[in-house]
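The same protein chain appears twice below, in two forms, each given on its own as structure tokens and labelled structure 1 and structure 2.
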Structure 1
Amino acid sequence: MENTTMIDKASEALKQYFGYDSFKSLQGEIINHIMEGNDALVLMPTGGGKSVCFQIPAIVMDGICIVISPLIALMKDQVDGLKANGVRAGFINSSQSGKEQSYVEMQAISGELDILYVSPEKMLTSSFIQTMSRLEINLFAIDEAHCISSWGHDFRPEYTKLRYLKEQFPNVPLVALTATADKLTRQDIIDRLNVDNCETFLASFDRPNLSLTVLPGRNRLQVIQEFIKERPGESGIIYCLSRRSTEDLTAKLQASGIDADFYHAGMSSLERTTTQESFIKDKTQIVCATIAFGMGIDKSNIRWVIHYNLPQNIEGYYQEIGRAGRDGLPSDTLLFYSYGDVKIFRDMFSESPLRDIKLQKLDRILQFAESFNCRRNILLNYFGENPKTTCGKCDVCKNPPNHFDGTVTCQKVLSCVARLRESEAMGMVVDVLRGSGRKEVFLKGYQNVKTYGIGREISIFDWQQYIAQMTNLGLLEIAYDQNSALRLTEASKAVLFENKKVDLVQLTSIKKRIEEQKKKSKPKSKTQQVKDDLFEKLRQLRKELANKEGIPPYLVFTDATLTEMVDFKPTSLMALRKVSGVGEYKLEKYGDEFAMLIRNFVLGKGKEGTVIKGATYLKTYELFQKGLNPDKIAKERELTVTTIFSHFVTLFNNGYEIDLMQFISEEEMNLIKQARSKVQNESSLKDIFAQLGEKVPYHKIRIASVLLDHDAGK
């Protein structure tokens, strides 16, 4: 089969099974590359469409695709999603009995599956190797490929054995996919998989639908409570550093009336599964969890992610915030940070053989948190992209910082650090600057140093932020191995002894970010209220259908698909087919119920017969079905006959059964067809009207044009 035909089939499969008219950036190129039999390393952000890159070739090509995935929950989630789209898929992992695994293997051998997900452990067992020898394998896909590399943030030793695949199946294309991998990790993946000649596809890491806000770890609970209350009904994850903090935070949120639960590795398997299933099925709104949560979730309608603590590195942070807004709709992220978090990680890394690189990555995420530059640009630069403009959406872009001459402020800090003999951490330095009466200050005799109390007019929070800026400017170092004591640097001596000028950022910028999280929403317009009302009705229908099938609601339709339904209000199956995410399988399965709900909503059923603006043609259709002709409908509705005919055209385009030929003769059709062929722009009704000597009414020209375009397949 010619490659062009295969690409055509790929496009047809995309529409049929997934409901999309075209591939996202790089998807088509990657799919073409794979179907030509080549290996590939694919880096795409979470929600960027990585799975489609191997799922479409698996559907189109003869044989079966083997997908290696490290997470049992993710396997089940993706297989459920594929089945919901009408794709033949299955999985094998340790959650199944031997009988269940054997049944799925027999399905694969008998050609009943296009895609089979397996764990890396199962993949390399002698029994499964024997099973593979009986399969016509068209592709190997390794998901979460960063797990292969010891430089990656989630290294799995069992993944390193996957080089076996290329050794035993040299002619089967292999694609490795990940959302996060720096240059070092990418090369390590290629080396370990033994695919030296593979092509690397690097999609943009930009997630423009995600807002990025970073705040110091102060008043976190209050800010989080306000944040959640401004987003009623939205699903979100709060990542915490420890198991205990997930439970403590959950208890505090529940006490304030917020629907939340916790998740961590100390829970039993049943407890973790129950929590995760409840969240996936929209029964639990919020989960406070350690970072393991979310890796096995394909839930597309997570609207926000909060980091209660600083993450270990940018890769992990980026992957975790990527769990929000997978459907492409606007979603929010909020990160809190503190030096206490940094100290915990430094202690954790002290015995690691990769200590140095882990510390370097920790420093980078801290620099990101403390920066006053565009957040999105920092992330994109880290992954090798160089954006030319700022994002305009992150907290820094929304509140651009103002600077002031902070030389004297810096000199006070540096002098205090020097007089404390560079032996104290930030907390004690601030206490001395503010003239604290704490017992610890007096026990050490610090009330007698000359810098005691020279900064009483500045708050503790402000001093902490100024010191953080000084650290970023290289004026101070933190000796983490000496109880995080502040130390002077060569650069600080020029400020302290030579009066070198230092610009600092005014802290109003940070305070504005905090206040922004507490802002009350503006009253919604009537139009937005109507949209929200329809979205909620669609969401409830989705949930009812999902509950009947025992699947997560987003597997029926994503929030993005529901939002498009709200915007375009498709009231027929033909119109619904045009909505992104509505494939043939789902159209047949759910289409009638969604189209009927939208039809009833826009006609105002139960609302005293009111008709929502933009759906007036449906009222015309109701009268037409009752036997009224165009003139009587126009009189009844107090509209022009031309407007009524435009409604008929809209109804026809939306798949309603209406015979437009009854309103125009064959002779008129031929005249209009000839006139269209003579004008420069055949879509211009005005030009056609003039070509016909202004003798044929506009509404007949419109009807003829629609019928001619329809016959031509336009």
Structure 2
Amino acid sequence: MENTTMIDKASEALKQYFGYDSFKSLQGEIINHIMEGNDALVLMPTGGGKSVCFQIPAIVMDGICIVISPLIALMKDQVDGLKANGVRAGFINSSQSGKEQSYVEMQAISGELDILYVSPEKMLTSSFIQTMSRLEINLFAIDEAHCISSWGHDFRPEYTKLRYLKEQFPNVPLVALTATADKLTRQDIIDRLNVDNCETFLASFDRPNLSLTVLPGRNRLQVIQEFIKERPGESGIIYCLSRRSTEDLTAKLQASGIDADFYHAGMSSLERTTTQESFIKDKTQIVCATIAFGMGIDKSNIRWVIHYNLPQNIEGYYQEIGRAGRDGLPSDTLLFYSYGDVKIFRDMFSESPLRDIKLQKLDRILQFAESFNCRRNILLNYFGENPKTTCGKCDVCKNPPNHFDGTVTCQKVLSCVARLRESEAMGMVVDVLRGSGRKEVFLKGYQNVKTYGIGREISIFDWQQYIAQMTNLGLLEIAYDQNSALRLTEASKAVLFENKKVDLVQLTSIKKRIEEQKKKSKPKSKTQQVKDDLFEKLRQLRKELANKEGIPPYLVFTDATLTEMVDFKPTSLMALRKVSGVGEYKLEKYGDEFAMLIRNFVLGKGKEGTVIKGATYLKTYELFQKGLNPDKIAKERELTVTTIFSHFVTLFNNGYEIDLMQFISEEEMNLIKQARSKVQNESSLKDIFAQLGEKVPYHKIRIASVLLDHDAGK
């Protein structure tokens, strides 16, 4: 096949089966490379779009693609997802009866499948090897390829036998895919799969649609409740450290009327499956879980992830937050941390043979949590990327730190630590600084220490924050092996004895971050309300259709696809076909129902819930979309231009994408704004018209008023 026709075919298949207009990041290059018969190692973050990299070649090339995946629980969803797009796919694993397995094998042999998922165990049975010899295999895809490496965090011994593939099928291209990017694991995968000439495709690990926020672990429950209230109906996961706390938190959330359930490895497998299924199918909104939850989940519409406790390391954290927003829509993440968490991990790691590495990684994530640099950049730097700009949407970017001369503050702490003979942990140091009357303080005679009570004016929380900063600046060390006692360092001596200046970050920025989480967002504009309304209706329809078929709703259409429907309001099959994520098969299957819902919505519901004569607005909208200007539309429709403008306003108020700004200059806008502020009743267009000396046409006043109301959130 010619190069160009090959990639053209791939693009066509992308649109036809998946409904996407173009390839994301490296997909196009990878697919081309594979279809030319080469091997590849693909490193992309979760949600990066790895699946398409092997699914498209599988569909386009003659023969069948064998996908090896360790996640048996996920296989059915993946195959259901492919089938929902009209792709001929099947799977074989130990969850099926022997009969079912033979049936799928027969399908493969008789050429009825383009993609076959198998577990690594199954792959290496003699019966399957026999089957493979009868297949025209066009590609091997090894998903979750890090499982082959003992360096990775999820080593599976049976994966190591997969080197057999390249030995037996040297001419069949092989692609290994993973979201784990560290260098050791990468090389290990190549070595162990025996693919020397393999090209590595490394995508950026940036997930620009995720917002990152980190908070000290105070008032967690209250912050979480507010957070959830602001996000009605949105799917989310709350990761907790212990099984107990998943259950406790669930109970508290349920008590406040929140739809949550829990998940941990101590539950029976039936209980776990039930919770997971219910979450995937949008029947349970929130799951409080240990990190046992998530591996087998492909749900693309998880809108947020909260860490109730500090994660063990940055890799784990990134993987867990990565489960949010796979569909590319904006999604939020929130991490709480405390020294209590650090202590628990330290104790937990103390017996581990990998103790030192684990402690180092724990230090790195604590540094991340306490840092005052752009969060995203710290993470990307950790993964070896060096972004040039800050993200602008993490908590630090939104509340940049202000510094002050903290020399005296630091000296107070350091001198107190010295007088307590470097033998006390942060809690006691703060108590002494604040002159606490606690029994333990007096038992040890600390009320006689010179620094007792020299820091009463600063709250416990604030002292903790300053001490954390000092630790990060290397002014204090925590002796974890000695009850976490605070110790002086070389650097601290210069501050204590030589008056070396230290800059600290003002705590107002941290407090602002906390407040921001609790703050209610602005009231929604009318346009937004209408959009939300339609989205909700589409979501309900999606759920009904999914329930009928017994598949998760996101397999019908993703949130991203529904959002596009809300923005463009396709009322015909032809218009629907243009929406990203609507392939031919789904168009045929679901198109009518979605188009009808949107049509009814558009026709039936006006601004105040009154019925508007929808057809006339739609007609105007169609012409506008074709690129006609208001004059032309008026001529075509034999209506006045003023009427057309009033249509625009109604359409805008009903959530249509019409940029009204283009019809009014900034100067006019300002004039009208001023006039509005002078009249008694600002909603009377007539009064404004008079105020402007009857010089500005009505339709402009109307447009300006709508835009001004819109900005004010009315």
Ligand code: ADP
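Definition used throughout: the rigid core is the maximal C-alpha set that superposes within 1.5 Å between two forms. By convention here, residues take numbers in order along the sequence of structure 1, the first being 1. Small disclaimer: the values here were computed from a predicted structure and weren't measured.
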{"item": "Between structure 1 and structure 2, the form predicted in complex with this ligand", "value": "2"}
{"item": "Displaced residue check between structures 1 and 2: Lys548, CA, 2 Å or over, core reference", "value": "no"}
{"item": "Flag for Arg421, CA shift 2 Å or larger between structures 1 and 2 after aligning core", "value": "no"}
{"item": "Core-aligned C-alpha movement of Phe169 between structures 1 and 2, 2 Å or more", "value": "yes"}
{"item": "Per-residue C-alpha deviation between structures 1 and 2 [Ile658; rigid core superposition; Å]", "value": "24.5"}
